[in-house]
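Only one chain is shown below, in structure tokens, and it's the form predicted alone.
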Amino acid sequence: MSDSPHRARLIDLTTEELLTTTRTVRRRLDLDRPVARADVERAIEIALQAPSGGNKGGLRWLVIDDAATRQAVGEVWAECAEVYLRRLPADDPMIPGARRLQRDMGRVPVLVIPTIQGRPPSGGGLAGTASFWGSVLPAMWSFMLALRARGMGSAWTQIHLAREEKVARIVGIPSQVTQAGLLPVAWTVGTEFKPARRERVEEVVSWNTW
């Protein structure tokens, strides 16, 4: 990972364009173009402004740019992806992109693991669980938005958590710290992305009663 002359500049997007065109990028990650440390750190700085449960913070971000470490973590991710992908129907439209990321994860210029202090509550009920994950997931999304605003992209992935301990051993994450995802970071091949197909508002909104 390097700095100038590869620093990012903000691209021309309205707020609504940013919110509706930030996609999980699997097949359009540029594996060869260096990513500047300062850009990753700025995206994390922005992400730290996201809301959190009880406004307690507790986030730590592990950024991996060492080639051997990226490869080792990418292999764990690929193993977990293989188990997951085998369960999907053969015609699932997500498979081609997931297979591409499975092949490339260890080659992406930067891998970011957002973490939160502590472990998910075992007896805190729904409210405790929501507060725990709600303290880190909004920051992950803000991180992806900040990357998109700079012409870079990522993929929202959490599949490696099936083997969280294995990744923790590779990178030295303490047992009392919880990993929340694994976000590949790279420049995107092109910056034009379209909104995804989603349900119509009238299909998912109820007013006053269910």
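The structure displayed is predicted, hence computed values, not measured ones. Numbers follow the displayed sequence, beginning with 1.
The form predicted in complex with a small molecule exists for this protein as well; it is not shown, and the discussion that follows is about that form.
- Among residues of the shown chain, residue 69 is not one whose heavy atoms approach the small molecule to within 4.5 Å in the predicted bound form.
- Taking non-hydrogen atoms only, residue 173 never approaches the small molecule to within 4.5 angstroms in the predicted bound form.
- Shown alone here, residue 157 lies within 4.5 Å of the small molecule in the predicted bound form, counting heavy atoms only.
- With a 4.5 Å cutoff on heavy atoms, residue 94 counts as touching the small molecule in the predicted bound form.
- Between the options 110, 113, 101, 136, the residue in contact with the small molecule in the predicted bound form by a heavy atom within 4.5 angstroms is 101.
- Residues within 4.5 angstroms of the small molecule in the predicted bound form, judged by any non-hydrogen atom, belong to 23-31 and to none of the other stretches in 145-153, 39-47, 58-66, 23-31.
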